[in-house]
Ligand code: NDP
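Before any questions on binding or motion, here is one chain by itself as structure tokens, the form predicted alone.
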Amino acid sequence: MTETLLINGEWRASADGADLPVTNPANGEEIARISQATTADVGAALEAASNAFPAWAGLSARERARIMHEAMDIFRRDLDAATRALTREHGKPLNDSIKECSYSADVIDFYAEEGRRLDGTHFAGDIGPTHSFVLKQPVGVVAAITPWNFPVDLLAWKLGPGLAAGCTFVIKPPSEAPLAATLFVKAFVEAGIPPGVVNIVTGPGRTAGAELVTNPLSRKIAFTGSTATGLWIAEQAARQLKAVTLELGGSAPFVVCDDADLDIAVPEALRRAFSHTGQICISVNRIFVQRGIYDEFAARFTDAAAHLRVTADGLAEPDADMGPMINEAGLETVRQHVADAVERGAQVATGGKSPDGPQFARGFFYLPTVLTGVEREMRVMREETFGPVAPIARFDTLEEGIAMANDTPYGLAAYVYTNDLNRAFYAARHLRAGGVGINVNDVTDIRGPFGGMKQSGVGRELGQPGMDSYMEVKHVRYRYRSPRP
């Protein structure tokens, strides 16, 4: 039996015994099997979380923090097992897996302490002898549905603030990459977190995920994934007025002004376009370069992309630049976007195909690809490619560049490289994205909010807003009277 469901503190198989394979995308080999949760299994997990909620919410923030810190001490002790599992199920080079898992532990530790600093407000009434208190209280049972590209990190972004706030969880890790996330949760169990506070149900979104969203026991849905699924979740949650945090698709622009330092802009564009094989919501999806430096930037960027190292074994080559894509569907999207661009007149400056060699034959590989001569009507400029493709377009004025960057239904992250402070502030104000990087290719920091505008999502994770999203705000108004003499 495959026992990967965690329900009320017990590991168990699915009610009907069904399971699913987990395969290595680098070679197609089966590396594990996971239980395929039934709707009854999901219901049992939600009931366990609901029953555990009053006691967990009633614990002191200090005690919740103690358990969270201890869990991360355990996770760090066993970090090697988690990082190797992550590389095998996802394909990313080992060093990227180490970075993800280590940062995830830092997120939990951060929120363990933030929970101890939670406070409300109070103020004297302005009519009669009254006083008001504004309290923050946990929202309740959270359904956390996490993606395959960062299965540990993006789980930590939800568990950290939610557990610290006093919420309980039912987690659905991605079927493509559930192993490292499961080891992450096992650390909490070993640390002595009460049964039912964290639960895991594995299986397809169409069954396990749908039940998590529609079952009335879940009071908040925290989801990272596609915009199409996020829109469905928002609709279903609205029917029961559930809270949602939705971090959805992106199509991040990378705007390079003619005064930018190309020694910085080129390698940072390269990293953000091709790390994790371009499978990041804040990956550079479109590059816009001011006309005066376009040729130099394109030449340097193309040369650097052509020298990136793709590995078929992220354990043997831990410092490689790229591994495989997660599955055939993602690889096919990349092929279609490149073919559409070429058919419409774009040029492939480098890449544009799968790598040669027998080691790549059974996996989902695609070379780092640079496209020039691109136009706005091409799919690669209109849709989220979510793969190792970087189209480069020209602009004349910064206003034009910003308009081109905003010409998308998405608005998660955007990047601008300039040494002119006026240009920097203009871009920061006018780019329609939840995060803007000025001369930096990462908009994530534990202490700052992360989330999108437009079809890139609703709500924020990380920072204080991430903590507040797991809280209800309650106004208590009290009438008092002076003590009698």
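Keep in mind the model is a prediction, meaning the values are calculated, not measured. A residue's number is simply how far along the shown sequence it sits, counting from 1.
Below, we turn to the form predicted in complex with this ligand, even though it does not appear here.
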remark   = Residue within 4.5 Å of this ligand in the predicted complex by heavy atom, from 190, 176, 383, 340, is 176
remark   = Picking from 75, 365, 148, 254, the single residue whose non-hydrogen atoms come within 4.5 angstroms of this ligand in the predicted complex is 148
task = Kindly indicate whether 213, 224 and 232 are, all three, within 4.5 angstroms of this ligand in the predicted complex, using heavy atoms.
result = yes
request  = Quick one: find which of 293-301, 104-112, 254-262, 140-148 has residues within 4.5 Å of this ligand in the predicted complex by heavy atom distance.
outcome  = 140-148
query = residue 203 near this ligand in the predicted complex, any heavy atom under 4.5 Å?
reply = yes
query = Any of the heavy atoms of residue 155 lying within 4.5 Å of this ligand in the predicted complex?
reply = no
inquiry  = So in the predicted complex, is this ligand close enough to residue 92 to count as touching (4.5 Å, heavy atoms)?
reply    = no
task = Please check if residue 165 has a heavy atom lying within 4.5 Å of any heavy atom of this ligand in the predicted complex.
result = no
message = Just to make sure I understand: among 263-288, which residues lie within 4.5 Å of this ligand in the predicted complex, judging by heavy atoms?
response = 281
